[in-house]
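Take a look at this single chain in structure tokens; it is the form predicted alone.
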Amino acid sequence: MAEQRVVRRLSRRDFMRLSSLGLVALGLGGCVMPTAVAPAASPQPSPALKKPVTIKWAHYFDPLQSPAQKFNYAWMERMVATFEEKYPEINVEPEYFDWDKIDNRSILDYEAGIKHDVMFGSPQLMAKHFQVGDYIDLTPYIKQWPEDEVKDFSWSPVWASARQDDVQIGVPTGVHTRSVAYRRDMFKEAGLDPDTPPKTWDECLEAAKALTKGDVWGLGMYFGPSRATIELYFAPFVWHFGGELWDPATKKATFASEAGVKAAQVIYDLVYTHKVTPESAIGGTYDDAILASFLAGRLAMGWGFGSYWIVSLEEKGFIKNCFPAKAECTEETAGVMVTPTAPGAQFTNAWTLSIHKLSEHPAEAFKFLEFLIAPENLYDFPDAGLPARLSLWSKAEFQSSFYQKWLEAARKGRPMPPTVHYPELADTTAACLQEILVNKAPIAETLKKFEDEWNAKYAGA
């Protein structure tokens, strides 16, 4: 396999500095909006080739990053080998980027003239990709699909997030949603029924109090400096109290509303008042705070547990016959519940596949993209999470109680706000919560201060 390109990981200080000063090429900072790039004419298939061409596949699979990533890395290697065997005229060269930098690299490299081909992308950043124009319009290729193939994908909110007017720039690889994973054995020890987990927030909080004992925390959450904070923790509580993070009509941030204040108060109380969530949730990483801690037995409940971690539960023996999905899937040591808020809504997305605007071989790149989203290949892609294809949900493998709860979570799921400046919105709310939790700053005033700062720079886009 060709040598992978490694991108330097930014420190939190560098990341926040760049966010505040603005990435000029990215258009992520400052008050001046970058000029939108008009879509180029759809590329035509390459002529007959005399020797194999090489296409680059930008991915984020680091087997040392987390337990789940080694499975993704193995899947990637198998996909490359199988595709190259089937299509010897096309070589695939993987390129590695940090998962939370891969979208930015696509944009920066486009403006710097650095070429890529197939790229993973984030639905919550599609507004930025549309504005910059670093992805090609896939519509001419998709029009060649049978109608049933389009319907199999287009039911998903992820499909819609990558579509603007009649332009489609991404295709979903799955449906990522989140739930609350819980230890059935710990529920029994605390006198709670593991077959009837909490359905309301009040029930969840009371269960967390009963489950917190010794070295075990009742409710694991993550409030560190990353996208996970707004997506999996702050937003669900804002929605729970009837609010929104951003107003699509005025294109202004609204997270300092009464709902936002109540949401931040809940988060603060979990750590300092009820003491069911560890103070360590304020730092570290999302993977360590939820996945690693849950697998190690330090959490009785892990809020924001991603469907992309089902494979880790299977490997640990907490569930059986659930990955790959089988009709015999059972919850053993652990179970999952739909997020117990009023709307039952968690952030729902999935990695999309797109083709870089500077690709010299877009037809070959799309052939590889189609290969990756074939049913037999998505079926055992760990980070696909849940099926992107609606047809797969009717199969016997997904009729177990375990998967029906995931399906309910996906149906109730919500996207992030489609603002061009979503990264700044995520950074702003994470920094705001850090000030509230670390410095114990007054909640309402602090939220208003950060909201005003964001709106002064980015409102209107």
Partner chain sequence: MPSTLERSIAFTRRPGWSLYLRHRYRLPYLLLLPVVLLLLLFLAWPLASVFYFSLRRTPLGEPSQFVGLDNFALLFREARFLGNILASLQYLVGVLGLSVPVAYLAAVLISSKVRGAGAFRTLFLLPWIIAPVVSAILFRTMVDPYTGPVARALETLTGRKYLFLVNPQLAVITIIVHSAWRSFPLEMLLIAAGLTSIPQELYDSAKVDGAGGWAQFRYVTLPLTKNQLFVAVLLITIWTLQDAEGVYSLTQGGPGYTTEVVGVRLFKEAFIYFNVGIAAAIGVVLIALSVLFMVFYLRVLGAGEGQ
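If you superpose the two forms and keep the largest set of C-alpha atoms that fall within 1.5 Å, you have the rigid core. On a predicted model such as this, the values are computed, not experimentally measured, just so you know. Residue numbers count along the first chain shown, from 1.
A second form of this protein, the form predicted together with its partner chain, is not displayed here; the remarks below concern that form.
Legend entry - Heavy atom of P157 within 4.5 Å of its partner chain in the predicted bound form: Although its partner chain is absent here, P157 would stay clear of it in the predicted bound form, with no heavy atoms inside 4.5 Å.
Inset, instruction - Could you confirm whether V53 comes within 4.5 Å of its partner chain in the predicted bound form, counting heavy atoms only? - result: Judged by the heavy-atom cut-off of 4.5 Å, V53 is well away from its partner chain in the predicted bound form.
Legend entry - Partner contact for E203 in the predicted bound form: its partner chain, 4.5 angstroms, heavy atom: No - in the predicted bound form, heavy atoms of E203 and its partner chain never come within 4.5 Å of each other.
Legend entry - Contact of D288 with its partner chain in the predicted bound form (heavy atom, 4.5 Å): It does: once its partner chain is placed as it appears in the predicted bound form, D288 has a heavy atom within 4.5 Å of it.
Legend entry - Single option in H240, R183, R389, R227 placed near its partner chain in the predicted bound form, where near means a heavy atom within 4.5 Å: That would be R227.
Inset, instruction - Would you kindly say which of A74, V150, A363, L108 lies with a heavy atom within 4.5 Å of its partner chain in the predicted bound form? - result: Residue within 4.5 Å of the partner: L108.
Legend entry - Interface stretch in the predicted bound form with its partner chain - options 77-85, 140-148, 166-174, 279-287, non-hydrogen atom within 4.5 Å: Correct option: 279-287.
Inset, instruction - For the heavy atom contacts within 4.5 Å of its partner chain in the predicted bound form, list the residues of 411-434 involved, in sequence order. - result: H421, P423, E424, D427, T428, A431, Q434 sit within 4.5 Å of the partner.
Legend entry - G133 C-alpha relocation of at least 2 Å between this form and the one not shown, rigid core basis: Yes: G133 shifts by at least 2 Å between this form and the one not shown.
Inset, instruction - Please check if H240 moves between this form and the one not shown, taking a CA shift of 2 Å or more relative to the superposed core as movement. - result: Stays below the 2 Å threshold, so no.
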